[in-house]
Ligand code: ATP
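Shown here is one chain on its own, the form predicted on its own, set out as structure tokens.
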């Protein structure tokens, strides 16, 4: 019988992969708590209009990537393709539009793309949203959080921060017209995909990875030349802030975000590899998002990072966990061993493993096989005097430990030494 497979573009998380996955999430959550962001979690299922109204019908997500369907009640639903619009919907739904809010989230997203390295149909994102302020300092704060997150993961030096301004809605509209006129003059040289984008959203052509498109785009109008005084000042203040904070960046006049709700600040952390899936973390300002889905005219800025993309940048995660095994010399004492384990308090970075099958030789073999640092062995003689034998696998040394003192014994002899390594 043929094995049942995972759905194309999805994967199971287990072993070292889920350890790395959880490591990234834990680093992210810890930093968000430090910066006073509150966690929010939205449903995986949303009404399709949340995304069709906010992302734009011409965006790749809406036009060809969303998993949308009609359920038994004739509701038009989607599997959540991104987090920002869902967070905006949650703020409106829960009447949180009166306050300035800072949120963080993490979880799976879904897009029906062609699976390849760094691109899955079910993928995971971590993200933050700073709602209710229209101040370059808010943009700077979310970038600082991104910097610290990537530094904590030890991958910041592998990435380049690219930044641009898209101006306000009116500026973007004027620029879009100018760009379209320029591209129509060079339409014969454009790729087929860019010819299609020219009809719907010319800005997306700036992000093309096709060689001919890149060559043509180099002569395209620069959106920064279209900025009004307010937009220029906001962008200049942000750049000055990055300079004062010694945050390295490149201004990329071709950088656009492919979703309609973006304006003003746009940024991406990208690898220096010349490939299509080289964006690790990206975000920007979205001052029209809430109004587009029926909410108040709120401002917001944020970013999202792909967990799988981050994983690709981490060379190796050295786990800091030690395993300690427990077993008895006879079946009659197995329940007593379980009682001992059940009474123990948890110790950071030490895992307790109960071995309940095989003879004594096989139990030692299993303990070695899983990489434990040592074993506690309960025998009849030890049980009578309420002690247990500890064997250190690195030195071969054995000693008796009182049952009530196992927790302190491990902290004193292993956890504290481990911190000094």
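Positions refer to the first chain, counted from 1. Because the structure is predicted, anything quoted here is derived from the model rather than measured.
Separately, the form predicted together with this ligand exists; it is not shown, and the next lines address it.
Colleague: Please tell me which of 178, 292, 186, 279 lies within 4.5 Å of this ligand in the predicted complex, judged by heavy atoms.
Modeller: Spelling it out, the residue with a heavy atom inside the cut-off is 279.
Colleague: Of 106, 156, 323, 111, which one comes within 4.5 Å of this ligand in the predicted complex, counting heavy atoms only?
Modeller: Among 106, 156, 323, 111, a heavy atom within 4.5 Å of this ligand in the predicted complex occurs only for 111.
Colleague: Looking at the partner-bound form in the predicted complex, is residue 241 within 4.5 Å of this ligand by any heavy atom?
Modeller: Residue-level check for residue 241: no, no contact with this ligand.
Colleague: Residue 253 versus this ligand, in the predicted complex: is there a non-hydrogen atom within 4.5 Å?
Modeller: No.
Colleague: Could you tell me if residue 123 has a non-hydrogen atom within 4.5 Å of this ligand in the predicted complex?
Modeller: Yes, residue 123 is a contact residue.
Colleague: Is residue 304 part of the interface with this ligand in the predicted complex - any heavy atom within 4.5 Å?
Modeller: Result yes; residue 304 sits at the interface with this ligand in the predicted complex.
Colleague: Please name which of the stretches 161 to 169, 115 to 123, 72 to 80, 233 to 241 has residues with heavy atoms lying within 4.5 Å of this ligand in the predicted complex.
Modeller: Only one stretch passes the 4.5 Å heavy-atom test: 115 to 123.
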